[in-house]
Every structure is written in C-alpha cells, then in structure tokens.
Ligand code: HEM
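In structure tokens, one chain follows: the form predicted alone.
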C-alpha cells in the first residue's frame, strides 16, 4: 500500500499505536455484546437482569452501556487505529508527531474512563443519545467531550503526515486510501462541532450547576448536527476497505478510482446538513427546514449508490478473472474460502437492506409511521451492527495477524462466525422491522410492559428477536475466541500482505479538482450554513434555558 517509501520505514511504532486502539475497541465490543444478548433475551420474556443486579441495575442501565460501548467506543477506537494504519502506509510516510498520536490515545482513553465511571455506577443511564432533560453525572459529559477532542488530535496527526508527503510530492495524486481517510476525518471534525457545542454550552454548565436549566430542542438539534454524520464516520472506514482492499482480496481491481473520490467528496458535502430528518416529530422547528433536510437526506443516498455500483463492479471483475460467467452466477466465483472477504461481502448484502430502510426514515410521511418504534434499532443494527461491525471483524481477520505476526488461529471458525452473524442479524433485524411496523416502541422493556398481553400480533416476532440475538452472541464469541487465540496461541507465522487494490480507471483520468480540498470544504460550509444557520440562530436567540434536570431511573 502506498509509495515505495513505505519499504524504507517499517512502521513498527505506528503499529503499536494501532494495537493500543484496537485493544480498547475490542474490550468495549466484548462487554457491549454481552449486554446486547441480555436485551435480546428480554424481548422473549427472559429477564436475566435481576441475576446481574450487582453490576447492571436495570434494563435501561444495560441499554445505555450497550449503546455507549458498541456505538461510540468500539467504533471510535477502531477507526482511529485503522485509519492511522491505512493513511501512513498509503502515503508511505511515517506518522508526523508520533508523540501527539500517543497523546491522542491517552486523552481518548482518559475520556473513556471518566465517562465510564458514572455510567457503570448507574449515574448516567441516559442512553447513548443523552437527551436532556434526563440528566447524567457531569463526568459522563466531560469524558465524552474529551473523547471527541482526542479524535481531533488523531485528525491533526494525519493532516501533518499528509502535509509532509505533499511537500515531497507536489504534483502527485493523493493515494486513494489516504485521500479517503483524510476526507473521513475532515467530515467528522466539522460534524463533531455540534455535539461539542452541546456539551460545552449546555450540558456541562447544567450538570455542574452553573446554569439552572437547559433546553431539550436546542440540545437535540445540536446533537443531530453530529448524530447523523457520525453514522458516516463509522461507515466511511468500512467503505475504505470495500474500495481499496476488498477488490484485491477478490483477486480483481477497483472499477473506478475517480468515481470513488467523487463519492467521498459527496459524503463530505452531504453528510452533515441532514440531521433534522431525525427531528420530524419535534415541534418548534419550521417545516421548510425539515423539508430541506429531507431533500438533502435523499441526496446523500446518491454517493451510496455510486459506492454500490463501484464495489460490485470491482467484485465482478475479480470473480470473472477467476472464471465467473453469467449475469449473476459470477458471484459464486468469489473466493468464499477467505473469511475476511466473506465477512465484508455479507456485510454489504445486509447493508443494502439497511439503506432501503434508511430511505423510509428520510421520508417525512413514512418516518411518522416508524418514528420511535422498533423499526429504528432494526435499521440501526443493519448499519453500525453489520455494515460497520461485520466489516471491521473482516478487516481484523487480516489486520490482527499482520500486526501480531502470526497466522489467523482458525480460518474455518472465522467463516462460520461470519455466516452466523449474517443469519443472526437477518433474523434479528427483520423481526425488529416487522415489530416497528406493528407499532412496538423502541427503548422499552417490552417484557415488563402491562400492555404486552393485548398486543397479540407482536408475540410471533418477539422470540425471533431473541433467537437472532442469540445467534449474534454466539457469533461474537467465535470471533473473540479466534482473535484472542491468534494473539496468544497461534504459532504459525503470518503470510499476510496488506490488500491494496489497483484501479482499472486511475486518478489520472479525473480532473485535478478531485484532489483539491478548499472547493469542497467551501461547498460543505455553505450547505451547513444554509441548512442549519437559520434554525440554530433562532433557537439560540429565542430559547430560554429553563428545563430542570430529571433522573428517571
């Protein structure tokens, strides 16, 4: 991956930093998966929370932990380590500011610990969205703020590394994987300003007692300024693997480098000014701004379609090189013996359905049918729970052996794990989508609800949620056993290369503006100003901060 300079630098120091991030990420995923299993069983009326009440005080305590660990911690730490690994190798340049890189990790870990203490003590059972007026301990808000600040330092190290590379290669095209990593962090750095403002100006002063109250609508609007683009902060690293690595693993080539760059630039411009589509049901926001965000949400589906076409064409190129024939039969010629590829291809298949359900969420009228129902976690588990998590698992099947220098412990177990996750998530998510269409609320301890006996049409699907969740739990255990045994027990040396795909259509066939930053950042800023400026200005100037805090758990 990257230029020939990478051969002159072994990147062992950068590898250690990546290992540190991946270690924390996997610990968070492991704990979060256990808690998710308890929640899945509860749908079938199996309540194990009283047996673990010495640790988990309630269903909602477990749900908050599950969300924070799997949605925020697992993803953020994995992405910070993986994109650092990818960018320095693509550029063939050592990380500029390795000490700063470790400072970023230390700050992120410190923020995690600070937020984890009240969360574990049941003093921050406010879900991962932490909507006021539910009020958490101040340490939870401060810890999450430090985690966000740490990601800015990660971005800074990558931009410094890019600048050092650019000085030596003023006329060269930015290598695709590095370009994508930089776009991802550029988008996230801008998007994270919303949640940072919410923390600094609303939630932290409120939790410290410096101001008497807060405002739910302003806080929610600032949250969703970040809350939707964070989905692309999770997805784009998966796309980086799909674009720049999976074609190589499929024994083929990337269909189009320019199309890949266009898709990422569109994600940069369109990922942020769409958050109000999560607030269709919120009063106090003018309808025409909701309509604008609806249009932009549909627009951001276009780069997803570009990604679908480009990646599938790349897979087809690899399959046909292996003898694949026919309109669809070529699919069977992919190297289905490679667990890394299999996990990511299966993630792509399920994510197609996640994209379709996302279009329902984007539609104003249809969203009102599924808003705050089980449909939402059904959709969410197809995105962060499959497109992101199963892809990251697939990446780990070559990345961990590469970093450890030992072969994957059991490839057959890895294949079983990927397929089991695919089947379990199909059952789990489909059942939640059906229950959502039947009106079952989300974020609710359904097994303890007094109205459950009256909802006879739910009863057939609730056990299926538990079944799907059980299969996912078993799959996750297989994954963790395989990764742990690779680290501690595998003795066979790894024969792993970093999969780096060549392109059938290279960057030289594109206009140079696709490798320039300021035009696209300027358009991004203008779209954000148009979509959010009037709404936030109105809320800031007219909203009294008088909502008291509540602890409802």
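Here the structure is a predicted model, which means the values were calculated and not measured. Residue numbers count along the first chain shown, from 1.
Another form exists, predicted in complex with this ligand; not displayed. Remarks below refer to it.
S.K.: At 4.5 Å between heavy atoms, only one of the stretches 186-194, 252-260, 163-171, 68-76 reaches this ligand in the model of the complex; which one is it?
M.R.: This holds for exactly one stretch, 68-76.
S.K.: Give me the residue from 159, 380, 138, 289 that has a heavy atom within 4.5 Å of this ligand in the model of the complex.
M.R.: The option sitting close enough to the partner is 380.
S.K.: Give me the residue from 271, 429, 389, 482 that has a heavy atom within 4.5 Å of this ligand in the model of the complex.
M.R.: Contact check passes for 389.
S.K.: Does the 4.5 Å heavy atom contact test between residue 177 and this ligand in the model of the complex come out positive?
M.R.: Outside the cut-off, so no.
S.K.: Given that this ligand is not shown alongside this chain, does residue 385 nevertheless sit within 4.5 Å of it in the model of the complex, heavy atom to heavy atom?
M.R.: Within the cut-off, so yes.
S.K.: Is it the case that residue 56, even though its partner is missing from this view, gets within 4.5 Å of this ligand in the model of the complex, heavy atoms only?
M.R.: Result no; residue 56 lies far from this ligand in the model of the complex.
S.K.: I'd like to check something about residue 435: if you look in the model of the complex, is any of its heavy atoms closer than or equal to 4.5 Å to a heavy atom of this ligand?
M.R.: Contact check for residue 435: no, nothing within 4.5 Å of this ligand in the model of the complex.
S.K.: Scan 17-45 and note down the residues that get a heavy atom within 4.5 Å of this ligand in the model of the complex; none is a fine answer too.
M.R.: In sequence order, 29, 33, 36, 37, 39, 40, 43 come within 4.5 Å of the partner.
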